[in-house]
Each structure stands twice: as C-alpha cells, then as structure tokens.
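This document opens with one chain alone, in structure tokens, the form predicted alone.
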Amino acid sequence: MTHGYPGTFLTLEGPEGAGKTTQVKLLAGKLEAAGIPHLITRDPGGTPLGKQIRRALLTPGNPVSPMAELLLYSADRAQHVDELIIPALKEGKLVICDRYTDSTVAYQGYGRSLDLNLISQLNAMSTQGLTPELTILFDLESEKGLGRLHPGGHDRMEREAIEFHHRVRQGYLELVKKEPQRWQVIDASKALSAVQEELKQIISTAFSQRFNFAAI
C-alpha cells in the first residue's frame, strides 16, 4: 500500500481515444451490482470547482499557455484530492480515477516539454503525496485513437498536432519503464469486450484480498 488509508486507489491512463472512459463506465455498473463500495471520478473535473477548470482547459478556442495549463491542472487536482479522493479512501472505498498525475507528466511534460522536475514537485504538492497503488495504461497508437473520436467534437487537447500526441504516448511508455511495478498495460486496440475482461482480471488479481470481485 502506498498510502495510509484503508481504501484502495487505482488510476486509469491513456492517450486520446483509447477508450478508458467507456471502460470505466462499464466497470462502474459491475461494481455497483456487486455491492463493492467505490468512487468513480475523473481528473480534471471531479469536483464543482474542477468542472469549471475543465471547461476552461478543454473548450476549443480558449488560449491557454503551457504553464497556465500546468497550474490549472494542479489546482484542480489539489481540490479533487482534498474534497473527494482522500475522504473516500478514509471510508475504505475502491477509488478509480480517470486520469491523475501521470497525465500531467505525459501531456504537459512530454507533450508540452515543460520541466519534469517542476511537474514532479507540483504533483507532490497538489496530491499531498498521494500516489495510486496501481495504474493501468490503455495503450493505443495515436492515429488510431484520434480516428475514433467524433468529427467536429474534439476538445482543445484532442485538436493538437499529431506530433504532440506521439510525444504524449511516448511519455506514457517511458513512465511504464520507470515504474513497472505500479503499471499494467492493456492493448486498447482490441475489442471492447476483450479490453473490459482484461481490465477486470487485472483489478481482481491486484485487489482480491480486499474486495469480493467474484460477482463482477
């Protein structure tokens, strides 16, 4: 366990179009049916303040400098951890967060080329040092992921040049190499049902001693 709370903290990461948001919605229904106490949340946008920050960050046409972008994500995360995530962990829940600090490293560090040491410091400050016990990467080639997105519905981040998305994916793969004990990687190009089954298996194997996953 990487934190001092009775709950369990899992994060999901991946490039645009990898399908993790769809997968977590499917998983949430199974957790509900199985009676497993849980919190499904997202970064950014998990709190009322976070929803406002998310709109400012992702609305197409909003000019946001790379440093302002980094600081806004950090502000969202500070509120998110304090208001939602830590209280849920104190209650013993399984907390599943759609994106967390690794997104900042991949997108603002590798994608925007901001200083990785600065990002590490901001991540530690904004999370109160809270790190996930397991992080699952939904890996997908950038061209395939962007091709899945609805035409005309792209947010500000999705509209970045393909080179940006290549750097983001490479950033994720570098993070996996640096901390292989924390990461599991799913090939997100597979069928939705196959990805869902692999996601369930990974979570069940990792946390079977804490929760009864037999019903999911």
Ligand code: Z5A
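Only a predicted model underlies this, so the values are computations on that prediction, with no experimental measurement involved. One rule holds for the numbers: they count along the sequence shown, beginning at 1.
FYI, the form predicted together with the named molecule isn't displayed, but the following is about it.
- Contact check at 4.5 Å (heavy atoms) against the named molecule in the model of the complex: all three of Pro44, Thr104 and Met157 pass.
- Only one of Arg182, Arg54, His38, Arg167 lies close to the named molecule in the model of the complex, with a heavy atom inside 4.5 Å, and it is Arg54.
- The named molecule is not shown here, and in the model of the complex it never comes within 4.5 Å of any heavy atom of Lys30.
- Proximity of Gln108 to the named molecule in the model of the complex falls within the 4.5 Å heavy atom cutoff.
- The named molecule in the model of the complex is not approached by Glu198, whose heavy atoms all lie more than 4.5 angstroms from it.
- Put simply, Thr22 is close to the named molecule in the model of the complex: some heavy atom of it is within 4.5 Å.
- Contact residues in stretch 50 to 79 (any heavy atom within 4.5 Å of the named molecule, taken in the model of the complex) are Arg54, Leu58, Tyr73, Arg77.
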